[in-house]
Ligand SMILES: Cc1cc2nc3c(=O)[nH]c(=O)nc-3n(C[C@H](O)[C@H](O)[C@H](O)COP(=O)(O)O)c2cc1C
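Listed next as structure tokens is one chain, alone, in the form predicted alone.
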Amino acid sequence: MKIVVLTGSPHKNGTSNTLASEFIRGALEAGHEVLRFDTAFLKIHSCIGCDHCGMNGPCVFDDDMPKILDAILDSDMLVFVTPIYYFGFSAQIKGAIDRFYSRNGQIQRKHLKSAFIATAWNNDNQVMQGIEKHIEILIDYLNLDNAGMILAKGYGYVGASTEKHYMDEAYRLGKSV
């Protein structure tokens, strides 16, 4: 299977990127092909809702999104990985998700498998409520098949007591898809 992993952390060695790497390690060991895009380090312009693309064409902006969208449309699975800073996707990955607009119909028709990994400093029940709802809506809207979700509460820094548990979980998810 071809898997595209979109990460949203500006911290190259942060918790969400650590889990992304473990997911990828498991997926590669299972024989899958993985392409990773670290959205925080790419040139991605925010969608301005101009409708130039007509939801099925080129965007007015010349940036890195076309290669990401082409890779998604050539894949079998899409994995979203984000830190939680303020109860939802990070701004970096959210900007990329907003740009899916230019290929909505094509993505919906692909019926891709998907997985979601989120990390948060807090370990209370409220911290993941926003992202869970957003993920639920995204799965429905984009016609995705959810293959798994890791909501890593209490994992706000590398070396946290929860780290090994969540790293193992991310590896197993990658290995199982």
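Start at 1 with the first residue shown and count on from there. Because the structure is predicted, anything quoted here is derived from the model rather than measured.
Unshown form predicted in complex with the ligand; subsequent notes refer to it.
Judged against the ligand in the predicted bound form with a 4.5 angstroms heavy atom cut-off, the residues 16, 87 and 156 are in contact without exception.
Checked against the ligand in the predicted bound form, the residues 34, 120, 112, 44 give one hit for a heavy atom within 4.5 Å, which is 120.
Residue 127 belongs to the set of residues with a heavy atom inside 4.5 Å of the ligand in the predicted bound form. Taking non-hydrogen atoms only, residue 164 never approaches the ligand to within 4.5 angstroms in the predicted bound form.
Of the candidate stretches 134 to 142, 46 to 54, 148 to 156, 60 to 68, only 148 to 156 contains residues with a heavy atom within 4.5 Å of the ligand in the predicted bound form.
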